[in-house]
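Shown here is one chain on its own, the form predicted on its own, set out as structure tokens.
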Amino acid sequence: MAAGKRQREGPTVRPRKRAKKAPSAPEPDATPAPEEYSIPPPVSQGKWKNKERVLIFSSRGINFRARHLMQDLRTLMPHSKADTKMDRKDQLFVINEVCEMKNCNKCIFFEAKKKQDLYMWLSNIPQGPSAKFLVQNVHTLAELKMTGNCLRGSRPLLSFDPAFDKEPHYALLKELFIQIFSTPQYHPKSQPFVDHVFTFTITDERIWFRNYQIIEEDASLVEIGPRFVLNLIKIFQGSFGGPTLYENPHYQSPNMHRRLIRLSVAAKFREKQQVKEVQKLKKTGSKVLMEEDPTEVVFETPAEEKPVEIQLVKPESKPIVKDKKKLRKIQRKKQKKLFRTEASA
């Protein structure tokens, strides 16, 4: 007879899952539940329409200050792109092809000459216009060390001098600055804040660029840098070339400026040499005799005339004796001779 299987103490009963009930409509007499906190959606959910991209790069041969200035502009402009340095032997119109490959429609190009002069090109690719500037008085972010600090990637406010609206070439530059330096709205790399201001001021026929941070609600400003001065040279119709629309009559090239400084130093040196030669001539030259004054002898009294005595006999030479006793003996001998001659006579 087969052995019967052992029966367990009791079968384990699994709890059944509760069936999901459809949400019933709240009763009119029921009390309302407390509202939950909801996180607002990000501001940048809007559509990115203004797709401006700026290519910022330079030529070979720039110094450290120009390189740091270029890096500062890249950090302040989230819609910018970078590229390798361009060879100085290449022509400038090659930049248009580089911008097309990088999918950029604006360009800021730094051109260095003689390892001391820095030029900046602002261009609208590919139709133009383009402007060439001489960059002066450059101070970078690391060099200034101001107290302000804005959020990286935030959108700036652009502030322009009223003089930009008075002359046509300044109005053209204003539109070019607006399209290049303003960060497009809803850009993927930008932040939805406005906490700094780019100012463009015209003073002494130059454009002064400053960057300020808005630190308080009452719009108090603190400069954070970078800062530089743009001296306009020419405005061209095309991109990096073409017919000249405007040429600055007040512009002076750095070579001419250095030449004038050398000439002024040489003129000062020649002037000093001429002064020294005149002083030498005064010392070595003969003295100029003054004319006799007729009133000089008015108060002079003539002295009494003395009779002129003519000595016929040669005076006897006196012997030079150092010893006084010998001198007395000689005098006594002479006196004795005189007495003898008188006695014999």
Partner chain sequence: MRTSASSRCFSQRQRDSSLSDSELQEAFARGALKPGLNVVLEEQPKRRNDVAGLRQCLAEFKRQLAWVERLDVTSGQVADPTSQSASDKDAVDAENDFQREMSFYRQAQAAVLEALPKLRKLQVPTRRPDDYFAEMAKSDQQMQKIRQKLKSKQEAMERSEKAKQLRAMRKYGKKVQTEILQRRQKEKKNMLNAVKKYQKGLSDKLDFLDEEQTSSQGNKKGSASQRIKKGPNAKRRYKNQKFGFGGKKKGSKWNTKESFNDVSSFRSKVAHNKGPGKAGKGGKKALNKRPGKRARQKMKSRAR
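The model shown is predicted, which means the values in this text are computed figures rather than measured ones. Positions refer to the first chain, counted from 1.
There is another form of the same protein, the form predicted in complex with its partner chain; it is not shown, and what comes next is about it.
For Y119, no non-hydrogen atom is located within 4.5 Å of its partner chain in the model of the complex, even though that partner is not displayed. Though the partner is left out of this view, F193 does reach within 4.5 Å of its partner chain in the model of the complex, counting heavy atoms only. Although the partner is absent here, K81 sits far enough away that none of its heavy atoms falls within 4.5 Å of its partner chain in the model of the complex.
The shortest heavy atom separation between F160 and its partner chain in the model of the complex is within 4.5 Å.
In summary, among the residues I108, L230, A112, L176, the only one with a non-hydrogen atom within 4.5 Å of its partner chain in the model of the complex is L176. Note on the partner interface in the model of the complex: the residue among M101, V94, A266, A171 having a heavy atom within 4.5 angstroms of its partner chain is A171. Residues of just one listed stretch (257-265, 270-278, 83-91, 242-250) have heavy atoms within 4.5 Å of its partner chain in the model of the complex: 242-250. Counting a residue when any of its non-hydrogen atoms is within 4.5 Å of its partner chain in the model of the complex, the hits in 107-133 run N124, G128, P129.
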